[in-house]
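There is one chain below, alone, in structure tokens, taken in the form predicted alone.
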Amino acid sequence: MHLRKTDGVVLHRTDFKESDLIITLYTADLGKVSGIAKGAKRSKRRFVNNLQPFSYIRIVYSEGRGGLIRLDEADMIQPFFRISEDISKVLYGSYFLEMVKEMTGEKESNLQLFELLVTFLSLLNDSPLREEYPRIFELRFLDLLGYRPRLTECSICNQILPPDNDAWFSYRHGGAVCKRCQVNARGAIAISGETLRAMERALGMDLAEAEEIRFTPLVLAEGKDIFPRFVQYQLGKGLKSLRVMEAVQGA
């Protein structure tokens, strides 16, 4: 049995049989992968309590059967335990995990996506919660999966949008549309030039700047209305974590 190592973030866990767990991770080397941790529920040495969602771990594994890997050990790199102390952080973190779980393919490695996930879980864990985080994560995540929204030119006629002009955002066309083309973009939502500029900046900045960036109330409101739904449009279905988040925040 050839043992390998990789770092990963636990996305989801499911009980299996009496003492086993099925773990879904997003890893640095393999991308998304599911594995079986035999005896994990009673293990006091190999896994301890390291297989909870949000945990950033280093696993020792081997190839298993039926597409699963077999987890042999899991050592904690960073537990991100402060996320669980704040319900809003749990909601945002669960949203990030569900996006990665639902929108990535099995064993399709993407190191930049792995680094994005670790970066934003670290921000949730270590910094005060800010509404900018989910908007930046959504945009960068979509970009890495090939769904980068067009924000500086019309998604229909390709003309550059005047930087100070308002426009519309079309899910179907994948981005902003100009006033002239808006009649051909049924269901498009009004979006300000300010929000388009802010989102384009979020896409182009270094991830190290994420903690410092600030959006105006207008940008936050429009971004919250538009980009979670753009994520779900690309996925083709709703996200449970987003529904829970909206219900809690609307209570």
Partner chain sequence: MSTYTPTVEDLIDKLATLPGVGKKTAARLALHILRSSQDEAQALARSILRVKERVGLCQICFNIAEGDQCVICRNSQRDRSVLCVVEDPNDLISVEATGVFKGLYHVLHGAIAPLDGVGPQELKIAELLERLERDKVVEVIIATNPTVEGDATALYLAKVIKPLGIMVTRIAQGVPAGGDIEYVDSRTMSRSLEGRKEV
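Positions refer to the first chain, counted from 1. If you're wondering where the values come from, they're calculated on a predicted model, not measured in any experiment.
The next section is about a form of this same protein that is not shown, the form predicted together with its partner chain.
Between 73-81, 104-112, 128-136, 142-150, the stretch whose residues reach within 4.5 angstroms of its partner chain in the predicted bound form through a non-hydrogen atom is 73-81.
None of the heavy atoms of V9 is located within 4.5 Å of its partner chain in the predicted bound form. For D86, a non-hydrogen atom is located within 4.5 Å of its partner chain in the predicted bound form, even though that partner is not displayed. Residue contact check for P53: one or more of its heavy atoms lie within 4.5 Å of its partner chain in the predicted bound form. Although the partner is absent here, R229 lies well away from its partner chain in the predicted bound form, with no heavy atom inside 4.5 Å. Judged against its partner chain in the predicted bound form with a 4.5 angstroms heavy atom cut-off, the residues R13, S94 and A247 are in contact without exception.
Scanning S62, S192, N49, T216 against its partner chain in the predicted bound form with a 4.5 Å heavy atom cut-off leaves one residue, N49.
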